[in-house]
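Below you will find one chain, with nothing else, as structure tokens; this is the form predicted on its own, and questions on how it binds or moves follow later.
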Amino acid sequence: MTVDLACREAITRPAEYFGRALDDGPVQWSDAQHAWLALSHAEVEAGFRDGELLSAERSGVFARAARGRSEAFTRAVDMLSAWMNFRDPPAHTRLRGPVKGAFTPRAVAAFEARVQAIVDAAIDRFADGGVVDLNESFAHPVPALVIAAILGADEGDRERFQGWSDDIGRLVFAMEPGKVDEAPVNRATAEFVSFFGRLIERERAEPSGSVLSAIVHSDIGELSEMELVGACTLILFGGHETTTTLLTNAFSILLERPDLVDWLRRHPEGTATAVEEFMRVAGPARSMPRKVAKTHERGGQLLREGQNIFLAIVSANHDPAVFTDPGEIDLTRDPNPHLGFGWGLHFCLGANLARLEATTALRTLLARFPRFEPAGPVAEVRASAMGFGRRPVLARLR
């Protein structure tokens, strides 16, 4: 079979589709993606760990996209080039160092009460009448407000930078960055640079002890102004956009599966384990791109320098060699070695925070409302080779 990460069956029936695909080998060429695909759990994990033969650098891709574009678009590219997940060592190490201490399990646990307060306040604002768009009223604002608090930004800025993140996402998730409409990207970049420039100056004058303060006053190398802004936008984007998608996808699954809702109600102590399963089957990232840095053999195939390869997280997370009944949603699955947060050098810094937010949100929502059911057809999955989500999410809550 010819593998296509973005075909309908790969999106709607991933266990069946990639189960068949894996019969033809762990690494295959895709004409649809014009790239190699690492499909097995072992090969995707190895790809995440391999910083020598596979490169995460996207600065060159963005630079090519900026050719012939405006100076403002070049500024957007410069900002994204400062994102650590698009860089290889030593740049990746220098950019990651000032941030990683703020997202350790201990640091995140200290934020638990604040997360709970934000979740409770969002639910308190639900409109009367019982029908709620859980995406707009819950999954979007909760992670954004949490990140605003962590960065030391005002709650009132949440809607502003949420919109900016949506616009930047047009470039981040673009399969062909050179074809992206630059107007919204340029506007968002200008807003980000201005907004975080002011916060950075405030932190220099009056350190607040926030994550932003740790970045600004880090002794792990001097970051340029654009690198500082880039670090802030990455935390903001990664900290709320991806968690929003995880929550939205989890809510959609629960609205389709009342049996899972019943189980979570009877076993609230199992919510954290359930979040891992939702991350396996409905995490926001379906694949991660890499560039072949050196010609080498991988999975029985010869990969040549300069070619592209996608680490197919969606396939790895449904690999029958690792997961029993990969097509089934098992909220008690343990161990659950999914790769939804990446692995190795590029393991998601915000994984602990995303887990805390998702666990708190799911447990609280089901505890507050005895009735949880769809208020209309559940939205179909919208996806690309790299990510997917489901919006709107209309629920009837009582």
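So that there is no doubt, residue numbering starts at 1 and follows the sequence shown. Worth saying up front: this structure is predicted, and the values here are computed from it rather than measured.
Below: the form predicted together with a small molecule, not depicted.
Contact test in the model of the complex: residue 273 vs the small molecule, heavy atoms, 4.5 Å:
Residue 273: no, not in contact with the small molecule in the model of the complex.
Answer yes if any heavy atom of residue 313 is within 4.5 Å of a heavy atom of the small molecule in the model of the complex; otherwise answer no.
Flag for residue 313 set to yes.
Would residue 73 count as a contact of the small molecule in the model of the complex, using a 4.5 angstroms cut-off between non-hydrogen atoms?
Judged by the heavy-atom cut-off of 4.5 Å, residue 73 is well away from the small molecule in the model of the complex.
Just to confirm, residue 39 within 4.5 Å of the small molecule in the model of the complex by heavy atoms?
No, residue 39 sits far enough from the small molecule in the model of the complex that none of its heavy atoms falls within 4.5 Å.
Ok, 132, 150, 172, 77: which has a heavy atom sitting within 4.5 Å of the small molecule in the model of the complex?
Looking at the other structure, the residue within range turns out to be 150.
With the small molecule left out of view, choose which of 186, 116, 85, 218 has a non-hydrogen atom within 4.5 angstroms of it in the model of the complex.
Of 186, 116, 85, 218, the residue with a heavy atom within 4.5 Å of the small molecule in the model of the complex is 85.
Among 176-184, 117-125, 242-250, 258-266, mark the stretch whose residues have heavy atoms within 4.5 Å of the small molecule in the model of the complex.
Checking each option against the 4.5 Å cut-off leaves 242-250.
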